[in-house]
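Shown below, as structure tokens, is a lone chain in the form predicted alone; questions about how it binds or moves come after it.
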């Protein structure tokens, strides 16, 4: 029942994900960070099989670092997205990864951007998107409420509305969520949303 969602605002991008590590009917932990900070200005939100998700996202992260060490320059967000898509496409014909990705970043020349890459290497540049069962409820909200010129507060409020809808409507909803942001100041954790009540609509806010 994983949920990963993201939106691009005026000069930033927000990526949020649930923090549940589950297998079958068991919840193993509720503090799993599924939004990886790739480098100083890139975030990768991922869903899928736990082993594939962790191995593939760390593989991309380490290759970005290797490229920067070798060339003394970081890859752009678009180049990172194309590299990620290429690795998924190559693995698809050998030993495919069951992982879906929202890649967000900020570049000084083009600003904030986000890319949708799924497990069969489908690749799109997007302004809003979601993966997992939560996407059934989030995408309609995003279609209605999203604007390209949103402020950080408005974007996080939209994410909060999506989280509330997931908790209300998804039969086995994740308990906790993490929200991260990337802008000209870098990639960082913005807040956590912790489920602390018997009422699905109530949640405590923990600000980083």
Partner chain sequence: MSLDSDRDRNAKRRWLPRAEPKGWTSLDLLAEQEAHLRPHKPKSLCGLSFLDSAFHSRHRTRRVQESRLQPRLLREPAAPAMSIFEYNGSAVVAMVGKNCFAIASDRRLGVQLQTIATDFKRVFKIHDKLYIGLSGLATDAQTLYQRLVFRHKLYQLREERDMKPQTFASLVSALLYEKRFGPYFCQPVIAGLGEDNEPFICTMDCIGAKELAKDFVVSGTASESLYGACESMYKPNMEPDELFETISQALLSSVDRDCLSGWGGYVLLVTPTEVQERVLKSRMD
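All figures in this text were calculated on a predicted structure; none of them were measured in a lab. Positions refer to the first chain, counted from 1.
Another form, the form predicted in complex with the partner chain, is not on view; read the next lines as being about it.
Contact check for residue 89: a non-hydrogen atom falls within 4.5 Å of the partner chain in the predicted complex. Interface residue remark: residue 154 is not counted as part of the site for the partner chain in the predicted complex, having no heavy atom within 4.5 Å. For the chain shown alone, residue 49 is a contact residue for the partner chain in the predicted complex, at least one non-hydrogen atom being within 4.5 angstroms. Contact annotation: residue 37 falls outside 4.5 Å of the partner chain in the predicted complex, judged by heavy atom distances. Looking at 8-30, the residues that come within 4.5 Å of the partner chain in the predicted complex, counting any heavy atom, are 24, 25.
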